[in-house]
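Just the one chain here, laid out as structure tokens, in the form predicted on its own.
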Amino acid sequence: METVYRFPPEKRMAEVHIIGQIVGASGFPQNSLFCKWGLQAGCAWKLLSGLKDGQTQVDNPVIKDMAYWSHPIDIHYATKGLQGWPKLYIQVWHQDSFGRNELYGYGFCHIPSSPGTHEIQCVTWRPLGTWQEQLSQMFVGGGPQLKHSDLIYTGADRYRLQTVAMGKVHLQLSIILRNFDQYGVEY
């Protein structure tokens, strides 16, 4: 049986339901891709139900234009403020025929703040590295990775990185807002 959280009227919080899917990815140099994802929200946000991170399966499509994951997302947050609105961060990985995993890209997007269904394309990038690392990546595989994954969505030192654009991750998200009118937020 699922636990349902109810707040008394005097402690009622604004709620956001994020329901949808990570459809897939396109524009990457190779196929056999999977995605690791997570949601980051500010300290005023409380996760009521759902998983705030996960991983898709590996898709190795016969038609080479897009990898399809159709990975479900169903998350329920409560908050008393708009600061720290949730962001979705993504890591796209390639799995070769030997089962080795290689990072293909990082990306993030803000969760839409308006109710309704949204089609989102999240662009991705990867660190470029030195010319020695690029040469090694061409022959051996691998490549530079971020030491701290929070650089994906914070932007604190991200401006100092040299990056190369990779493909796009396609999302379909439906947003349901509840009790925001009690905090003076109109939508």
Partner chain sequence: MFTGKPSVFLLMVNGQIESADFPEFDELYCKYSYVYGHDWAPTTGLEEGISQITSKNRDCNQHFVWNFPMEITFKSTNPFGWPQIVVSVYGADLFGNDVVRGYGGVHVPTTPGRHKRTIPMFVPESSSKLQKFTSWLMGRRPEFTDPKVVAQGEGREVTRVLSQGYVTISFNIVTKDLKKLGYDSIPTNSHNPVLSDV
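Numbering follows the first chain given and starts at 1. Because the structure is predicted, anything quoted here is derived from the model rather than measured.
Although it is not shown, the form predicted together with the partner chain is what the next lines describe.
Taking the partner from the other structure, the partner chain in the predicted complex has no heavy atom within 4.5 Å of any heavy atom of residue 165.
Of the heavy atoms in residue 175, some are within 4.5 Å of the partner chain in the predicted complex.
Remark: residue 73 counts among the residues lining the partner chain in the predicted complex, judged by a heavy atom distance of 4.5 Å or less. The closest heavy atom approach of residue 56 to the partner chain in the predicted complex falls within 4.5 Å. Screening 121, 26, 30, 60 for any heavy atom within 4.5 Å of the partner chain in the predicted complex leaves a single hit, 60. Shown without its partner, the chain has 15, 17, 19, 20, 21, 49, 50, 51 in segment 14-53 as residues with a non-hydrogen atom within 4.5 angstroms of the partner chain in the predicted complex.
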